[in-house]
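So this first bit is one chain, no partners, the form predicted alone, shown in structure tokens.
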């Protein structure tokens, strides 16, 4: 049964990517799309004209960025749920995503940029604020509890998230004519994605995601309890810091490119857990795959449901995630989770 589920999940991602490449305000034939992709891969001539423009300049970069963002957000959620032993946790529980959003909004509002690298200003500020947020949260948690207990980190993260949201509202009030683009960005959108951004996301996922995947056994030990993890030889403090830093980097990159896309890190790890169980050696890779598929389908809905009007993908994920949050919370309260 697990092998069949794994095979279906494995095939679901390329199928979802193909559907997203072909569907939209302008529909592309499946056969021609596959042929063009194959020819481009082999360096052969492609159809050219508007077909090439739509497929290779608009949809392919967007589909790649959406899949990589979904995979990254889902992986951070699964890692944080295992690390903090909280089924309602995801990467944003730390407050790192709120800090990254504050940095990106500040860059957009005040026009922070790097000559020759249009997205470097926003990305740099998001990364800087993500690391700063992590440092501040861990410092405050250390002051409250020298063992860096998970409940202390969650408490500080929630408080910091509210503080960062207030500062973000203050910054937006000074944005002037940029307020429209900032508002659309805060709802989450990958409509202007580029191949360079896809490369950045892929590199971040390969490095930080690889680090998280290597700690699957340690996360299994954390799931039983920090004391148990310590007794079986896990350096709990080092593992916590390593995973938290990896999560902060991934979230910083995702937020700087796609804006605030909520609930992906909450919904998809639970789907993966229902299909593959709680073992993080299987759960983490499954979360990557399901996260990519989930965000691809959410982005497809956002692009097509009111075509030619395009919704923000964050709106779709928030609608789905809000329902999932209530269901997970109800299961947690009833003691069935």
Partner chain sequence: MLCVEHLSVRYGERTALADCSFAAAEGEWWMIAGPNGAGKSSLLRAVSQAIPHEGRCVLQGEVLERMKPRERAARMAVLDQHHEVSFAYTVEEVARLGRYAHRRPLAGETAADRAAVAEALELTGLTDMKKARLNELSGGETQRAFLAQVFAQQPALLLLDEPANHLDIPYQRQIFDLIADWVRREGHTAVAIVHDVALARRYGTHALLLREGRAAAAGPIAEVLTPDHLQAVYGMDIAGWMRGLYAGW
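Numbering follows the first chain given and starts at 1. Computed from a predicted model, the values in this text were never measured in an experiment.
If you look for the form predicted in complex with its partner chain, you will not find it shown, but the lines that follow are about it.
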(request) Answer with one of 182, 138, 221, 154: the residue that has a non-hydrogen atom within 4.5 Å of its partner chain in the predicted complex. (result) 221
(request) Report the residue, out of 112, 128, 214, 158, that has at least one non-hydrogen atom within 4.5 angstroms of its partner chain in the predicted complex. (result) 214
(message) Would all three of 228, 232 and 235 be in contact with its partner chain in the predicted complex, where contact means some heavy atom lies within 4.5 Å?
(response) yes
(request) Look up in the predicted complex whether residue 81 has a non-hydrogen atom within 4.5 angstroms of its partner chain, and give yes or no. (result) yes
(message) Can you tell me whether residue 278 touches its partner chain? I mean in the predicted complex, with a 4.5 angstroms heavy atom cut-off.
(response) yes
(request) Spell out, yes or no, whether the shortest heavy atom distance between residue 87 and its partner chain in the predicted complex is within 4.5 Å. (result) yes
(request) Tell me, yes or no, whether residue 303 is in contact with its partner chain in the predicted complex, where a contact means a heavy atom of each within 4.5 Å. (result) no
(message) Please pick out the stretch from 279-287, 292-300, 42-50, 61-69 that is in contact with its partner chain in the predicted complex, where contact means heavy atoms within 4.5 Å.
(response) 279-287
